[in-house]
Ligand code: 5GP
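First comes one chain, alone, set out as structure tokens in the form predicted alone.
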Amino acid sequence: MGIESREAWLRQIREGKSFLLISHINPDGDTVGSVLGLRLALLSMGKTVTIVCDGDIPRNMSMLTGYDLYLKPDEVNAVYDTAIAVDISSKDMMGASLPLFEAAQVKMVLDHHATNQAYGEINWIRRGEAACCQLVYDAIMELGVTITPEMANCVLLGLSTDTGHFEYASTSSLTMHTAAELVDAGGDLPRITKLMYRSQPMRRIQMTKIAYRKMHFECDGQIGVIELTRDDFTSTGCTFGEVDGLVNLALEIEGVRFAYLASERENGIKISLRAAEPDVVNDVALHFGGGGHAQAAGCTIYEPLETASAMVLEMLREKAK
């Protein structure tokens, strides 16, 4: 376990020459916005930057500069002086990008998850912060980089998505102040709102119908469950990145304290967990090698769908007693 130091992290940014920025598997708006915003800041400082993700970037983020420059892990054939795991709570969340992180001369972490164990050599972790993009914004300010409209859009999108468009309890006065600064810098909040929350492809609507049909409840309605199979993805054409938010459909039902979405992927079962305050689910995710926030977490279980779902349900039943 390396040192936790904002100063050491920023010093390596100033001194490093070539950087590999890594987003987590099943990428969301915060890891993508953080990587793309940080990429633009580093480029403005004259650095060489490559971005990588073991997963497909959701199409509704295509407005962000650099969206189309992500490489798959097997497309990266260089060793970098600095690799940064961005918004990644545990090493496993890098997927096939992990060997690239391990090969770098300096391994750094930038994150806000409470479950992060500071696995880098240099770590800047602000546990409990609303979004990793808040740390990216702070880094840009500390480095003296002028925020462009393109940077502002990246950071603003990530800040928005990880706070439920500024609705979650994690949203603070600092979050709102930062959002205001980003709008002043040219961030297009109306466009972000439309693309992320007011426009859905037909395939997601079809998957939503399936999710409602398959939704069931346990423990006298305290636990909501949705299970999606590979056939569901094939029949709708829905991508994995488009379904994680469907878990909230179950959590929004009156009386539900815990909810999870189990989706069958090519390699394992992705579990998206949610809880209504004051209940928490990040301990469940951590038990299965994942992580996340108190009320929103996730993990991957390498078992058949029925088995993986039963394992999660057993833990949630204990918590619902």
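All residue numbers refer to positions in the sequence shown, first residue = 1. Just so you know, these numbers come straight off a predicted model, no measurement behind them.
Another form, the form predicted in complex with this ligand, is not on view; read the next lines as being about it.
Proximity of Ser263 to this ligand in the predicted bound form: non-hydrogen atoms within 4.5 Å are absent; the residue sits far from the partner. Contact check for Met93: a heavy atom falls within 4.5 Å of this ligand in the predicted bound form. Shown alone here, Gly290 lies within 4.5 Å of this ligand in the predicted bound form, counting heavy atoms only.
The shortest heavy atom separation between Leu273 and this ligand in the predicted bound form is within 4.5 Å. With the partner omitted here, the stretch from 291-299, 38-46, 66-74, 250-258 that lies within 4.5 Å of this ligand by heavy atoms in the predicted bound form is 291-299. Among Ser89, Asn153, Ser160, Gln134, the residue placing a heavy atom within 4.5 Å of this ligand in the predicted bound form is Ser89. Annotation for 110-126: the only interface residue with this ligand in the predicted bound form is His113 [heavy atom within 4.5 Å].
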